[in-house]
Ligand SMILES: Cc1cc2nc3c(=O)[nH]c(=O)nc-3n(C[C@H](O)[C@H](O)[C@H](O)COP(=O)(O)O)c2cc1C
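Let's start with one chain on its own, the form predicted on its own, as structure tokens.
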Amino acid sequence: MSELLFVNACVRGERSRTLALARHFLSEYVKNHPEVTVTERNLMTERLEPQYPEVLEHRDELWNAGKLDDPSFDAAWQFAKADKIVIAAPFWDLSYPAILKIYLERISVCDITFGYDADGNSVGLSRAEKLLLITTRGGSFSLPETAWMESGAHHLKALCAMYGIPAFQLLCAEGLDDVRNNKEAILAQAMGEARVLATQF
């Protein structure tokens, strides 16, 4: 049985527009793929420590000793072994919440999610074939004049290359805080896109 890992970085919890969109996608996904196990990692409750000096030193000691089975690396192994990955994170400060960055730093472990070949080239070790970022944005950052300001999706797409995940996808509802827009219509359209994507992801 294959596994989909859902990484929940929606800091506002059930009040989050991003989480509502993600829950809708996952509900539709389970209907279309009942054979897939969905595992949620809630970054608000499963709080990983930032890479403070002592945390990083401890990790380096374990890694140098070859102790990659230590619980410190559990999050990295969970990510590496997932068949598909969905990350839900709101668009904050042109990127995403800090809790997601902490998570990404903690799962980026050489010889677990990525490594190097004999010639020194970076090689992705993650099993996932797809990673989907679900997000909502107050403004519009997919326009030619604003796309350069968006760094969250771009960063995750780059990490997919590092982790060896072939396909990066984005489900986004944006312009939700622009008073000129009908936010209910924007969200409804995104929900429709989620239903279609759930059949294909």
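These figures come from a predicted structure and were not determined experimentally. Just count from 1 along the sequence shown to find any residue number.
The next section is about a form of this same protein that is not shown, the form predicted in complex with the named molecule.
The shortest heavy atom separation between residue 77 and the named molecule in the model of the complex exceeds 4.5 Å. Although the partner is absent here, residue 91 sits close enough that one of its heavy atoms falls within 4.5 Å of the named molecule in the model of the complex. Looking at residue 162, you'd find every heavy atom of it more than 4.5 angstroms from the named molecule in the model of the complex. Remark: residue 36 does not count among the residues lining the named molecule in the model of the complex, judged by a heavy atom distance of 4.5 Å or less. Partner contacts here mean any heavy atom within 4.5 Å of the named molecule in the model of the complex, and among 37 to 45, 151 to 159, 57 to 65, 172 to 180 they occur only in 172 to 180. Of the residues in 29 to 46, none comes within 4.5 Å of the named molecule in the model of the complex through any heavy atom.
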